[in-house]
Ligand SMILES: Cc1cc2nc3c(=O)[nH]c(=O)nc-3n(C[C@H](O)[C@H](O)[C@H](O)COP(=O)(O)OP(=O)(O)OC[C@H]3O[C@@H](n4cnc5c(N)ncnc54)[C@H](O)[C@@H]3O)c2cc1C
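Only one chain comes next, encoded as structure tokens, the form predicted on its own.
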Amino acid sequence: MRVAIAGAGLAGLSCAKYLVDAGYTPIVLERRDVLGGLVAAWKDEDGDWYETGLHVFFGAYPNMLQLFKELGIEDRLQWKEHTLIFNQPEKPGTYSRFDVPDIPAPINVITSILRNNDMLTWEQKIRFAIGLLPAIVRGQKYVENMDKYSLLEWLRRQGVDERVNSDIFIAASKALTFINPDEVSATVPLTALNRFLRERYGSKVAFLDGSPTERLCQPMVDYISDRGGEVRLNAPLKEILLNENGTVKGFLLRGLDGAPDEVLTADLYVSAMSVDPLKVMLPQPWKEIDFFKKLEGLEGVPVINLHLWFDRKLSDIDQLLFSRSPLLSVYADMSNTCREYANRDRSMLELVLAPAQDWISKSEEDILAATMAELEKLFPMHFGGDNPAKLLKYRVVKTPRSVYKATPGRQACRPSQKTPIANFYLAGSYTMQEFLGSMEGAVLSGKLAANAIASDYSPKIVSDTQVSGETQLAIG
């Protein structure tokens, strides 16, 4: 059976990979000339890569890690020391670490918190631990029910000290969802925290050894193509054509450079687009169906990613860092963390500006100036004196609509991968799956969409244990 998939991000490529494993013939259609969707990357005129976002992989990503294993590219993940590192704005140029010992969970994470005396007092740690008990003891169902509260509201209800929010959860919320604790649903950070507490290597971080486009997406394309599938770039979806009974008749593709439009037909169809373009593309008759009406409650959050190349080394830290800046979320010196971007003499900082709502419409020059002002606080030793570090070049990548904005109440708006339309399915991290808006969520959604198709037309592709639960892969 032919399955047409709109979107060559991680969700669409993952869906195609698992469909081709089951003997289907997927045809993936991507409107742009680059793979990856929200993990896309490009090379500049100097041969340097710049990316849509700062992409890191966690040990608590079982489906992503399984995908790397199945593609035979596990060695492309560069695992870092098991630690979380926060800047200390009150002590510019210094860091606070949560070093996680190699002992069973959750004792390892609890030990890392107890050992850290830079950010929280013992009283605050105890109140924090007591506040978290319901989420730990009552499990994921309790966590999902907390979607009615913002994280800040939940923390206050649990009697957790405000400094825990200002010191830890603002940084964590911005890193996970690109918004602050007063906006984000409590379900999101509590879900991540639960996995970190349940899995020995859940909070361990890896960086890819090169760009996601080349080192992850292209192997997926090769895998799909080698088994009879197809991935087409520059194939923008113009319209979803319907039969009289409301099912999909075909995908109308917009012709480029004067070429005529093309109708692509298949047996089944999948949207692996982000939720915002999907809402625009929905056929009018479908908009009256409750299943699709719920999508109006979802929208993408704006994100800005910056790449800054300097004339010297600013840092020797080979790890993700939480800036604790009012402007910036997380950052890394990619000349240390990524093999392909490595440089012993110069730094390339990749930084995420979040929340970006007030910045997405500003000029690149304004964004750069504000970021450099923050860097002077993060790296005072390199930007003061008579010989400050020199910025050689920069790139600003704006994504006006990224992953869905995970505010309270959004869980009820997230659709399943199976739709009321008999031959139409959904994939994307906004669809219902336990990993929320993330790379892991995108991969899992593609697997679940493929599984939904297989359950309707043939035996299941994967067992339930492969799409949930603790990863059993070794992390070194």
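The first residue of the sequence shown is number 1, and the count goes up from there. In this text the structure is predicted, and so the values were computed from the model without any measurement.
In what follows, reference is made to the form predicted in complex with the ligand, a form of this protein that is not presented.
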query	finding
Stretch in contact in the predicted complex with the ligand, which is absent here, among 412-420, 65-73, 428-436, 41-49 (heavy atoms within 4.5 Å)	428-436
Contact test in the predicted complex: residue 272 vs the ligand, heavy atoms, 4.5 Å	yes
Residue 303: touches the ligand in the predicted complex, heavy atom cutoff 4.5 angstroms	yes
Residue 235, heavy atom within 4.5 angstroms of the ligand in the predicted complex	yes
Any non-hydrogen atom of residue 281 within 4.5 angstroms of the ligand in the predicted complex	yes
Residue among 143, 321, 403, 248 with a heavy atom within 4.5 Å of the ligand in the predicted complex	403
Residues within stretch 25-41 having a non-hydrogen atom within 4.5 Å of the ligand in the predicted complex	29, 30, 31, 32, 36, 37, 38, 39
